[in-house]
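Listed next as structure tokens is one chain, alone, in the form predicted on its own.
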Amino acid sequence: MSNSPQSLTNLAARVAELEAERELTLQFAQTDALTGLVNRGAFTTGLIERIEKAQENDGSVALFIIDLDRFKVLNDTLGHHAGDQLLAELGQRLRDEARPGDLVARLGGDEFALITSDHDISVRAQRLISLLSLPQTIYGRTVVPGGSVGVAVYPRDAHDIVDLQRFADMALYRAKTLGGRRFSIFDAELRDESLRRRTLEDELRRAIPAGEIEPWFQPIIDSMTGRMVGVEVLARWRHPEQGLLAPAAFVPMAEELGLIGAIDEAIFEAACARTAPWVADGLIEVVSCNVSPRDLMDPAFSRKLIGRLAKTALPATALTVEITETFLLQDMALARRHIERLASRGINVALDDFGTGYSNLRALMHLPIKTVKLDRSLIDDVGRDARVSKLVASMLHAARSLGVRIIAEGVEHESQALFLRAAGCDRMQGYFFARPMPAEAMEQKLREADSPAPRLAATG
């Protein structure tokens, strides 16, 4: 091998070229392609480095989590290209706002982050809110996105990166629940809430194998006869200290922790065991079970459910699986596979939250869905508000024309029930007829002689 000056020069040039390629590759790997900001991976590395430096220098680090308000609505209305342009512009605004030593990142979707010192937190947060609220022109249209900010500080609030991010997220959530377009800084109130949540998380993990999550049942009423023809299965947590907890108190947490599948499976098996004799004795025809969108995203979901059902005495034709429009929007192809596989075994699929989105009628025309459930938000003013009543009546007519059975949920007043029956709604459920109840009470009610729906049947 030659060691001439020219060869050495060429070698040095090649090494420099390779080093430049490596640096460029590393830069691409750490950069969000849409905004040019650092991505989630580089953000995590940068946050760790800043926390380590703060430990050495007895300093502090402030983490701002930034999230747009109503971005999905803007994205759906204007289109994804417009949404991307909006995110790119906001990324540039955040980059321009950064001070020396700051790190600005796009964490994904419409979520951004800023890592800085803990000086002037309120001033910086308010400045970010103002930046997010500036009008922006996209494809000739002016939009005002707006956003919310959550802040947590190391080491005042947290002593590691996991808690720091969690606490900033909690502050962000509070800002959003207060109406958005504002900031929230982690404080003692949120700390207490965090401790309560961690305790509840640990208790929930123990509750599932302990059998504390149990099925409750709400009757489904035939509109014409006023008789109970089915039940919807609902989860309740019989907490040893707090008493009976409704799904809102633990289902969102179970979804975040990845426990919702275990809960759905436990509820399904228990519900099948309790309702199979009711079906066999002719007390009901239908057992309706909700399925979480996360479970539905499992390609093997329908096969697993069919396998679990086969181990029970409940006939497939008596089971209804309720799915939401959210799942259809996420993955129509997967939804079709699940629905067709379930339908091939005689299992009925119901579309929940009917009337709240745009894809419902399309789904009814192209998928083997034989039942829809009118969303309770449509029922509130039915029979009292002429416009709402006309809208619901037209939806009932459209569904009937497709040969679909209609169930109205959330019926709480006699006027609602009477209107729905007159408009041709097939079945109803809600507090007007009965509240959810444990299995023992439900069975007793079913086995009472003929158990008609109370006042509705009498007022005919």
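Residue positions are given as counts along the sequence shown, with the first one as 1. Since the model is a prediction, treat every value here as computed from it, not as a measurement.
Same protein, other form: the form predicted together with a small molecule, not shown, and the subject of what follows.
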property	result
Triple contact flag Asn290, Glu322 and Arg376 to the small molecule in the predicted complex, non-hydrogen atom at 4.5 angstroms	yes
The small molecule contact at Ala246 in the predicted complex, heavy atom, 4.5 Å	yes
Non-hydrogen atom contact Ser148 with the small molecule in the predicted complex at 4.5 angstroms	no
Contact of Asp353 with the small molecule in the predicted complex (heavy atom, 4.5 Å)	yes
Asp32, heavy atom within 4.5 angstroms of the small molecule in the predicted complex	no
Options 332-340, 259-267, 187-195, 204-212; stretch whose heavy atom lies within 4.5 Å of the small molecule in the predicted complex	259-267
Answer option from Leu172, Leu128, Ala235, Ala105, heavy atom within 4.5 Å of the small molecule in the predicted complex	Ala235
Contacting member of Gln218, Ser302, Thr371, Ser223, with respect to the small molecule in the predicted complex [4.5 Å, heavy atom]	Gln218
